[in-house]
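The chain below stands alone, shown as structure tokens; this is the form predicted alone.
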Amino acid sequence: MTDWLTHLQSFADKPAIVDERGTFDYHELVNQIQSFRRHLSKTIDAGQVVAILSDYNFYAVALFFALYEKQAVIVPIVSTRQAEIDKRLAVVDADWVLELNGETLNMTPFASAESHSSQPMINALRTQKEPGLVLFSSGSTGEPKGMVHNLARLVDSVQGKKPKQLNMLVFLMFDHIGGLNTLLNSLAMGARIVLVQARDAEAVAKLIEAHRIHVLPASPTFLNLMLMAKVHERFDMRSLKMITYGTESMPESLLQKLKKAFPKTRLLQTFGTSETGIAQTTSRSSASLEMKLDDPRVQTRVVDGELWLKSDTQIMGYLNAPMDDFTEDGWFRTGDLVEVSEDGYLRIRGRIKEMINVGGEKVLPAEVESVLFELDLIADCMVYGAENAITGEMVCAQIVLAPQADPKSVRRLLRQHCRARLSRFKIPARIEFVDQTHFGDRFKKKRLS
């Protein structure tokens, strides 16, 4: 039994994972990992590329770690779109596709047109006899990139955590670096992990109430959906000790609304990328967007306002894209624009790719969204850029109104409010009232262009 399994076994009969089938303790988790490992030993060799078509559940987690023990290269795929699945299987040059029907494991060999020799990073993992992990970017700005991690490094990075009596909710998906980070850290601490089956505000609130959840990790978009649904008024969520938020920019006025809705809950901004992993952070306060990356495994640098990172857990490389975002000496250019305070705190202003150029003046959507969120008549909003014949681009906004709000009066009030709070070029030139803003499966806003 490896050090990781020995560590999990040390928590014995403590509850480990709660899913729709019930509660499983750490002893049952280790037994299931070993059972899958014995089953896999008949067909899967170390270094083979194995896709898991599943979202989180007890058996999927056990299968993940059984493959880790087999030193396989694991590719979690949550998508149900067959064309997307096939494309990802081809990119990774998969050897096997595994699907779970309850606890029954279905194994299908996958025939790829490429040979293993075409994937030098996969071969490097084989040579090193270490497990790998391939995650895909969201593809919000182009073709999804297949990123190769050394999985042993990710697991090693959570070793040494002090045991804690925590009820953790895993919200982010099985194929998301943030979701896997929550899983690994929770297991390393011997926490009780509650897995989400339906990612909607009401379902999550019910889980928080039923299982006395202490920590909720989510995106600003999803947290605002919870506010819109008023779940904090309809469910007992007093157990929440901490809400962590990341994956996209948080408008400052939305943070203040969350602090008002959850006054006794600590709000912590997290930061990480699929390329470099998730860093340990410290927020100046629950009401502040300023944070420090105080992780000994992560180096930071700010170049022309852009945050650069170098970490012990960064990717080996991309399978289907050049390493353009990395410097020759290994720094990852995150694409995030930041401000740095005199005492070393960072504040993320927005993404370079989302910047709107209005006649040479630069506008970041998060700043405008924060001003819009100040109005109680606005339940949700998304700011984006659109072509303009005179200025090149103009600022546009999609607005979701609060119940009973009148569009005409809101439009007038909104323009008055923006004129008082924003420079003229930042004021939305086009306003569209919608039932819902656009966001992806990972609850990150998908800005129009």
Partner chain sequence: MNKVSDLVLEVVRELGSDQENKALVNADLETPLFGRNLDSMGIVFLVTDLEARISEEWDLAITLADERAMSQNTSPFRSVKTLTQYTQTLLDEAKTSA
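Residue numbers count along the first chain shown, from 1. Quick caveat, the model's predicted, so the values are computed rather than measured.
Note that the form predicted together with its partner chain isn't included here; everything after this is about it.
Contact annotation: its partner chain lies within 4.5 Å of heavy atoms from the stretch 384 to 392 in the predicted bound form, the single such stretch among 22 to 30, 384 to 392, 62 to 70, 38 to 46.
In the predicted bound form, residue 429 approaches its partner chain with a heavy atom inside 4.5 Å.
By the criterion of a heavy atom within 4.5 Å, residue 358 is counted among the residues contacting its partner chain in the predicted bound form. Residue contact with its partner chain in the predicted bound form: residue 425 places a heavy atom within 4.5 Å of it.
Along 295 to 309, not one residue places a heavy atom within 4.5 Å of its partner chain in the predicted bound form.
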